[in-house]
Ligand SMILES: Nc1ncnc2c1ncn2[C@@H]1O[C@H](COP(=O)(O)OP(=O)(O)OP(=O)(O)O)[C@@H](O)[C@H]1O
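Just the one chain here, laid out as structure tokens, in the form predicted alone.
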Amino acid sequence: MSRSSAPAPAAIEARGWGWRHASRLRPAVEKLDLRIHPGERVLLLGPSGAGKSTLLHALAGVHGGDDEGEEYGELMVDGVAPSAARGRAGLVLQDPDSQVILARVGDDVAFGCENLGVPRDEIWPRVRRALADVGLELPLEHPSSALSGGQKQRLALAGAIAMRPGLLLLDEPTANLDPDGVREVRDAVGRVLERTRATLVVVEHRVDVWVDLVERVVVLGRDGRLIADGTPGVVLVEQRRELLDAGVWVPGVPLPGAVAFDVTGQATAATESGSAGRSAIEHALTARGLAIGRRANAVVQRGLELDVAAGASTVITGPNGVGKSTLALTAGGLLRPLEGRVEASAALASGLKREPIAWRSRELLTRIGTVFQEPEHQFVASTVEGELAVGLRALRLDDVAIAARVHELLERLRLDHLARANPFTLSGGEKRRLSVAAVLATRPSVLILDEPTFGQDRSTWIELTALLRELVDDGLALVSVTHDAAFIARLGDERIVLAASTAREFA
């Protein structure tokens, strides 16, 4: 086979394989026996924390040494340990921002090829072909920082396929993407597989997105053991009850008490009220004539009006790249408005300046809590229970009160079995629940969440949304940035829809 021809698809075999993180008592994956034939397309399912990402990282050979965990049994790619099969696997992670390495699109796609020692005269044809495969036909010098979330995910996919792996590993590749971005990434993967015939293992909670592209479904249970393996028709139909009990999102099964809501784009930013009959509305936060952006010379939206009501849930929706996260951070007092101002109610400010941007971090703790899109950006403690206690210690609560509140949140958000675990070893869904719990610990009056249901299985989604609805009914002002149509249907009392703006002014 010439260097420029397509690689042979990879084979995978696990024999009694397991992995235990160094900070855990229980293995993340246990006694796994699995064989995936060359060219198979596999959807890997399971509840949050079942070890799906752990398996993908192991197949990519990126688990690290003995100090990171304990491995037992055998896991092989093409008959050898994954660490010895350098270049055979291409891994695309959940968070597109964490995968963008270099400042220009072409250089970023070329990075993996350069690490593999691909001859320079072969790299750039590979880069151009990979960008075309994923439908990201931009100039090679285009700044990677100017890409939307969907474009960054396709950029990461292009970087993986440029290395010409025989095994493509995708870890929730459509997480945090708008519907158009989801379709872009899914269709790009389909095109790549048709051309390369690579073996595919994709982890995703959105089963309906991938079910027509795959030919096999493998399911891990809460204990990290295999509970189902077969064709989509057999597994999703004949084992439906078992999958639902395990927290798997099964297509066609409605949520308890769910109502339909189709999130559609709008030409201009608009606010839709879902609570016209509510009387005596108290606005915890208001903004008038607001212009937002991460830098003074890069206005993302201008002329925004915002009212965040106490005892109501407000959702911010819209396509990737329109400034939803930027608006949330500005409303939460973490980014300075470029024009206009955000003001808190007199009751919320309670003797402070009315503008949250002027408050110190300790003053924000009990007033406005913000959960970032990337959970890891907020973790500062070495254990889960320690993370929940950080804000409480800053408030100088006594040890008994801290322990009681931490225990309550651990149980409510299904994190009690992870109390002593390192937050950075948690699954994506567990990290999201921990970041929400850490902010809830200080009982703020306003809670701002960026993609709150990211990585959640069906069971934890139901529990998290039920908790948020309880808090709102008790008077919390909730603001959520989300693409999750079911979340919007359940918690979209007020809706702010952002659309693409012409206000961008790049230097």
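As the structure is a computational prediction, the values presented were derived from the model and not from experiment. Numbering starts at 1 and runs along the sequence shown.
Separately, the form predicted in complex with this ligand exists; it is not shown, and the next lines address it.
Exactly one listed residue, out of A438, V479, A50, A58, brings a non-hydrogen atom to within 4.5 Å of this ligand in the predicted bound form: A50. With the partner removed from view, the residue among V201, V315, L327, L426 that has a non-hydrogen atom within 4.5 Å of this ligand in the predicted bound form turns out to be L426. No residue in the set G18, E71 and S382 has a non-hydrogen atom no more than 4.5 Å from this ligand in the predicted bound form.
Using a 4.5 Å cutoff between non-hydrogen atoms, L348 does not count as a contact of this ligand in the predicted bound form. Using a 4.5 Å cutoff between non-hydrogen atoms, R495 does not count as a contact of this ligand in the predicted bound form. Heavy atoms of T54 reach within 4.5 Å of this ligand in the predicted bound form, making it an interface residue. At the 4.5 Å threshold, heavy atoms of E430 reach this ligand in the predicted bound form.
Contact residues in stretch 451-467 (any heavy atom within 4.5 Å of this ligand, taken in the predicted bound form) are limited to G455.
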